[in-house]
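Next up is one chain by itself, shown in structure tokens, the form predicted alone.
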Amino acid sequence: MKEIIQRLKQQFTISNVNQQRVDLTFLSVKKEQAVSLISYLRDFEKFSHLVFLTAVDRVEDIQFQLTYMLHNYNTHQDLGIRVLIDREKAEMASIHHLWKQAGTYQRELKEMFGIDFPGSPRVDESFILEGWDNIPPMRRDFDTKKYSEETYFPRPGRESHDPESYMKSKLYPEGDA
């Protein structure tokens, strides 16, 4: 993997190289170079499989971190490419032209985080959350408790119990605890 990283550093601005295991390395690249780097890895370094594309909401830094995980079947190496993008104008170039399944990941990230991938097929269609009209639910500023309280009402016959005393009463009905 060290040789590959050296070749990448000759062509791209690579930072934060982190080898977590013998077969797993992460590196960071600027948003503007991400698609070129990923294309290079696929076409010249034989990272032919897109394992996944995911996001982390770094709300404190006003950024999203995208991670593209690539696999090389010849060397059995995984390489994670991390890219920081602006949270306020969350947009990233699409890689659907490299792997068709990238379109599915990009649709999910658009719906769950609000990250746009212009030009990606069907990216604006509902994926899971048909009719959703709230902020994307995987953003850290989405208040799940508030949403739940506003959307779902208490059903009749439901009671809340203190778990400790409730379990004692169920386990020891005669008061033997």
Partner chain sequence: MTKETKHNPSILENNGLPEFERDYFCDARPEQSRPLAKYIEKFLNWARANSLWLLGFGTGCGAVELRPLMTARYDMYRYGIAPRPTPRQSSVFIIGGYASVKTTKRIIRSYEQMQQPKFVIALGSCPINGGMYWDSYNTINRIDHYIPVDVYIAGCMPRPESIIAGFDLLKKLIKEGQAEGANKYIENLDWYKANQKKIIKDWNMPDYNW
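Numbering follows the first chain given and starts at 1. Here, rigid core means the biggest group of C-alpha atoms that superpose within 1.5 Å across both forms. Owing to the predicted nature of the structure, the values given are computational and were not obtained by experimental measurement.
Keep in mind that the form predicted together with its partner chain is missing from the display, and what follows is about it.
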Task: Phe44, heavy atom within 4.5 angstroms of its partner chain in the predicted complex - done: no
Indicate whether its partner chain has at least one heavy atom within 4.5 Å of a heavy atom of Phe127 in the predicted complex.
yes
Contact with its partner chain in the predicted complex for Pro118, defined as at least one heavy atom pair within 4.5 Å: yes or no? no
inquiry  = in the predicted complex, does Met112 come within 4.5 Å of its partner chain, counting heavy atoms only?
reply    = yes
Core-superposed C-alpha of Arg158 shifting 2 Å or more between the shown form and the other one: yes
